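What follows is a single chain, given as structure tokens, in the form predicted alone.
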Amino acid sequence: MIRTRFAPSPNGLLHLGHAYAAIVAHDLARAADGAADGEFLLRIEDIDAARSRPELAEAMIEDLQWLGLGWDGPVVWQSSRLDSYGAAADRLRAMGLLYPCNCTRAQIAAAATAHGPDGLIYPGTCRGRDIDPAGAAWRLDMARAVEIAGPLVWEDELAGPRVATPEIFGDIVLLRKEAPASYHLAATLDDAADGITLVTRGADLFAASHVHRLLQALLDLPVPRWHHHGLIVEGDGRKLAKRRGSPSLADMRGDGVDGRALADDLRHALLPAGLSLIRGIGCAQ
């Protein structure tokens, strides 16, 4: 049985890209005739206290209902799981895999010489140094982690089997200064806690699965399959983004748009003028 999820962050209003992601996950867990053929969960990723807003989470729930999407069980709130992130971090520290880092972005930019999927690769400045952990971020010693985990593979439903190469990220942050956990750590732990068997998300997160597969191995977590779907992009090829003012679903609701009809249009890639759907994942590998 498929068990998948939609997991937005309430730091802005949902747009058409989010709607498409939710529809893909929902439909993968439902039979074509609407009968239950799996489980679809809604998880609100609200651990960034500085940016998350309760009213935006409520708007997201209303948006999904307006689209005609229903989920199984109560809404899962990421903020209720802070203890699990701390426990996982303690375990990784005990394995000698985390180290504190107090480098600023400017210092990293000045010292870094290579790029990875998340941008500049951290040059390892704080690795092996005596750093006061108070107020510091905690990074994963990637080389040591990869050595301990050994060879790993993961499988995407669209791209097929993949050899995990998390080293392309360098020493990533797992515990952020301003939040209890990074996306990589929180999402991996949450998917395991929720019993997710199919991680459904956009192709822009394809490379992140290399890291998540590594964390699953290090923390003895179950290994799901992945489904990285296409992205809705603007005319210039950029994906929709809340920070650039892409039209929100809440605005469309307010304008009287039929949400269920919109959802059907998205299922058939009938997009508003100026938008297109990139179905491949090549850009994300």
Ligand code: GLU
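In case it trips you up, residue 1 is the first one in the sequence shown, and so on. All values reported here derive from a predicted model rather than from experimental measurement.
This next part talks about the form predicted together with glutamic acid, which is not shown.
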Completion exercise
The listed residue (120, 205, 131, 149) that reaches within 4.5 Å of glutamic acid in the predicted bound form by any heavy atom is 205
Fill in the blank from the handout: Among 183, 169, 99, 71, just one has a heavy atom within 4.5 Å of glutamic acid in the predicted bound form, namely 183
Practice task
Just one of 135-143, 197-205, 108-116, 161-169 has residues with a heavy atom within 4.5 Å of glutamic acid in the predicted bound form, so point it out.
Solution key: 197-205
Problem - residue 45: touches glutamic acid in the predicted bound form, heavy atom cutoff 4.5 angstroms - result: yes
Problem - Heavy atom within 4.5 Å of glutamic acid in the predicted bound form - qualifying residues of 1-26 - result: 5, 7, 8, 9
